[in-house]
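The chain below stands alone, shown as structure tokens; this is the form predicted on its own.
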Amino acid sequence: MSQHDCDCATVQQVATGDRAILPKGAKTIPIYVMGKRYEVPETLTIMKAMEYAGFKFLRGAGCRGGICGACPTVYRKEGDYKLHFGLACQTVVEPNMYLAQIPFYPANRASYDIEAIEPVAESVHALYPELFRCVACNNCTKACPMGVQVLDYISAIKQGDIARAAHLSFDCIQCGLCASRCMGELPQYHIAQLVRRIYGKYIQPKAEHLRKRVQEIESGKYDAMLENLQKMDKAQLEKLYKEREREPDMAPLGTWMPKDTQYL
């Protein structure tokens, strides 16, 4: 068996009988998964195309909504020297793509107690001294499938601005593609996670509505409602769920309130 014929650690090939049935007249295109050619429908995402080709995801499938970061993919396009990056659940296949799945990228993560850590940039610098190996090549930003300005938040951390770094890295989904391209070998996504934890615990203004809700829960305001729900059978719960008051899909942000506000 050649290397190209081997299944990668992420996926396992299953019988071709598990393939989807193509609609009449549907066009297929060739793609290469770990070096092996497959014909797949041209409208599918990478993840769905791999499943169509006979792969079963054992890990790296995740949410399928572009949020969890479990399906990072590196690929090349025909005639293009550049490496491209995306999430398998969001990126649509193109003819003659060469694909490689990276469900996990090994990167060191520092050990710390968030309850004991000092909320200053020097704490981050001490835990991740490799920060200062950054050469500002910006490969990390180019690799990010979420469009996060990775180099900018790394620079902000080096400059001591935790709040800015937390905001800039907010959309990070921990896929690890930034670390896979880093010339300085930084684990950017782990560093950003620490910064957001410090910001959320120590720096960000406390939410008054959250404090109020915690007090209401601790006071027992919702105990009777929860006890009543626990006594209901499945049919009653389904009826209650289907008849619940819902916010209109197109309601302007912050303008809608339910008629029944007793549990707010």
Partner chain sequence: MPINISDKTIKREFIDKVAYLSGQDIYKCFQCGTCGGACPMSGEMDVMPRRIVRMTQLGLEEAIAQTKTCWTCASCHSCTVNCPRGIDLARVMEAIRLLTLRKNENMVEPSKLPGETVKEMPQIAMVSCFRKLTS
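Treat the numbers as computed from the prediction; the structure is a model and nothing was measured. Positions refer to the first chain, counted from 1.
Below, we refer to the form predicted together with its partner chain, which is not included among the displayed structures.
- Residues placing heavy atoms within 4.5 Å of its partner chain in the model of the complex fall in a single listed stretch, namely 121-129, out of 70-78, 89-97, 189-197, 121-129.
- Think of it this way: in the model of the complex, its partner chain has a heavy atom of just one of 134, 162, 179, 102 within 4.5 Å, and the residue is 134.
- At the 4.5 Å threshold, heavy atoms of residue 158 reach its partner chain in the model of the complex.
- For residue 171, no non-hydrogen atom is located within 4.5 Å of its partner chain in the model of the complex, even though that partner is not displayed.
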